[in-house]
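This document opens with one chain alone, in structure tokens, the form predicted on its own.
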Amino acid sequence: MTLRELAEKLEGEVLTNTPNLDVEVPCAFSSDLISDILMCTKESTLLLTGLTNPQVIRLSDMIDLVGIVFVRGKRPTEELIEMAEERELVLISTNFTMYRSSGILYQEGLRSCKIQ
């Protein structure tokens, strides 16, 4: 599944001016806890979260994030969007809950990432 396809499935809004939404997303991880997110695998991962602080964007410097989906209608500030664009990180916002978003993506065949 590509970032473009998953944005459509989640009825999401792409928040970044990202040139390539056709990047394949190999797996996903859902959490609102930074410590849990850091346990995420080193493989390319889509993060689903309700956190909208700078630390979430900085996570992409530590783990290989292909994009972040903000759930529950959360929207990052313009500053965070700019930080993501500097890192070529796709940001998407959906009004769906984390549970529903995860379920939709799982049902569409996106696998959960492996925990280290």
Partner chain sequence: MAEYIKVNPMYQDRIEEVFQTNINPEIVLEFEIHENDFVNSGKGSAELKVTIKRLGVDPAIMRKVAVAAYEAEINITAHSRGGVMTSNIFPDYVHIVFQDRGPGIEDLSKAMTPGFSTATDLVREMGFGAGLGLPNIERNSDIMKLDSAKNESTKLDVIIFFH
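Residue numbers count along the first chain shown, from 1. These numbers were taken from a predicted model, which means no experiment stands behind them.
As for the form predicted together with the partner chain, it is not shown, yet the points below apply to it.
Chemist: Check each of I81, L51, C27, V66 and return the one that places a heavy atom within 4.5 angstroms of the partner chain in the model of the complex.
Modeler: The option sitting close enough to the partner is L51.
Chemist: Heavy atom to heavy atom, is L59 within 4.5 Å of the partner chain in the model of the complex?
Modeler: Contact check for L59: yes, within 4.5 Å of the partner chain in the model of the complex.
Chemist: D32 versus the partner chain, in the model of the complex: is there a non-hydrogen atom within 4.5 Å?
Modeler: Although the partner chain is absent here, D32 would touch it in the model of the complex, with heavy atoms inside 4.5 Å.
Chemist: Using heavy atoms and a 4.5 Å limit, would one call E85 a contact residue for the partner chain in the model of the complex?
Modeler: Answer no; every heavy atom of E85 is more than 4.5 Å from the partner chain in the model of the complex.
Chemist: Considering non-hydrogen atoms and a 4.5 Å limit, does the partner chain approach K42 in the model of the complex?
Modeler: Yes - in the model of the complex, heavy atoms of K42 and the partner chain come within 4.5 Å of each other.
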